[in-house]
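Next up: just one chain, as C-alpha cells, the form predicted on its own.
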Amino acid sequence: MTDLLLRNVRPMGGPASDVLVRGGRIATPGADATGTAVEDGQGMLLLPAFVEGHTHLDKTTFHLPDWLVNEVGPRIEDKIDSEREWRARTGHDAGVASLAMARAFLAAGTTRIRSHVDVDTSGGTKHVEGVLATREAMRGLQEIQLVAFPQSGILGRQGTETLLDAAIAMGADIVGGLDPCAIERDPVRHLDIVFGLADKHGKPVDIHLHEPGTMGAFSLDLILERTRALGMEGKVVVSHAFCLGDIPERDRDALLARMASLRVAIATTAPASRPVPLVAPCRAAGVAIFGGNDGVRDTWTPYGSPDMLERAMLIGLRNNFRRDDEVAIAFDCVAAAGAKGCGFADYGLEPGARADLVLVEARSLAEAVVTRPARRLVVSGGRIVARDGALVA
C-alpha cells in the first residue's frame, strides 16, 4: 500500500496539518483522500527520511554477537592492513553484514545510503557482490548507492584497476579514490586511473581525502583541475577533506570558491579527533556539505550508529552549533544537503517528492536532533516500514 493519510502532523515543526500520500508520493494539499488508510500523527514532528551520505556497509560488525576487540595501530596504513587481515582470517561476509546494517538504518529512518565498498586484490569484487545483493533485497524500501572503493590503494597492488573496472561493470554507481599523495605516492597516476574509469563508464567520483594541510590542499587542487578538464561539474565528491580545516583561511576560501564553481561537494563525518571542513564557511561559499558516519563498529572504530539524528548532533557539536537555527543546519547535512550532494532525486516534503517520512515525538527540529527520540513511524515510498524503532513485516 502506497496511499496514506497522516493526520495531525507538524512538518519540520510547523503548524499541525494533514499530509496525503498518493502512489508513494506526497500529494498536493486538498487532494481527495477518500478511501485512504489513515494514521493519527498525534501532533508529532514530521521529518523527511534521512540520508546517510558516507558509510561502509560492507565493513560493519554491528550485527555480530561478540564485541570486536580493537588493537589496531594509529596510522591509516595500520587500519587498512589490519582490516584486510581480519577479513581474510574470519571470512567476513559483506552481504550478511551490509543487509543487517541497511535494515538497522531503515528502522531508524534512513531511506537513502551512499556506501563505499572495498575492492582489492585480496577480496576481489566479492564485497561489491555482497552489497549489490543487499541493494536488491532493499529495493523499493531503500535507495543504496555503491562506491567501488580501493581501500588498499591502486598503484601498490597490481590488478586493482582491473577490479575497479569490473566492479563498475557489475553495477557499482561511483568510482572511488584514496589519498593520491599519502597512500598512492603518485597523485597524477592515481587520478589518471580514477577519472579515467569515471570517464569510461560515465560515472561520478567520490575520493577519500584524509591528507592534512598543504599535502591535502595540493591533492584537492589536482582533483579540481581534473573535474574542470573533464567537464565533471556536479559529479565529484571529496570525502573528509580534512585539509580544509588545516590550512589558512585565505587558502581555504580560495579552494572553496573553486569547489563551488565546479559544484564539487564535501562529505564530512565531523570527527572530534581531526581538523575538519567547517559547515558554515562551506555553505557560505556555496559548497554542498553533507554528513555520514563513515564506518559503524568495524575494525577501524568501535563508534558509529545507524541513527542519523545522532550524526546530525555530532556535526552540530563539532561545528559549535547551539542556536536552534544552527542545529537545523546540522540536520540538513543528513537530509536535503545529503540528497543533493549524493544525487538522490525526489527528496523532501514538497508535493511530488517520494514519500519517505519519519514521525518523532519532539516539539522542534532542534529537540529531535539533540534528544534523538524513538522513531514512532517510518514511511518509505508511502509504505509503513517501521514502528517504534522496529521494522514491520
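Each residue number is its position in the shown sequence, starting from 1. Owing to the predicted nature of the structure, the values given are computational and were not obtained by experimental measurement.
If you look for the form predicted together with a further copy of the same chain, you will not find it shown, but the lines that follow are about it.
Interface residue among Ile329, Val360, Ala366, Ala336 relative to a further copy of the same chain in the model of the complex, by the heavy atom within 4.5 Å criterion: Ala366. The listed set His240, Arg135, Arg297, His190 contains one residue whose heavy atoms approach a further copy of the same chain in the model of the complex to within 4.5 Å, identified as Arg297. The candidate stretches are 194-202, 180-188, 254-262, 315-323, and the one lying within 4.5 Å of a further copy of the same chain in the model of the complex by heavy atoms is 315-323. For the chain shown alone, Asn70 is a contact residue for a further copy of the same chain in the model of the complex, at least one non-hydrogen atom being within 4.5 angstroms. Contact check for Ser273: a non-hydrogen atom falls within 4.5 Å of a further copy of the same chain in the model of the complex.
Although the partner is absent here, Asp32 is not a contact residue: none of its heavy atoms lies within 4.5 angstroms of a further copy of the same chain in the model of the complex.
Using a 4.5 angstroms limit between non-hydrogen atoms, Asp246 is distant from a further copy of the same chain in the model of the complex. Using a 4.5 Å heavy atom cutoff, none of Asp40, Gly140 and Arg375 lies near a further copy of the same chain in the model of the complex.
Of the residues in 296-310, those that come within 4.5 Å of a further copy of the same chain in the model of the complex through at least one heavy atom are, in sequence order, Arg297, Trp300, Thr301, Pro302, Tyr303, Glu310.
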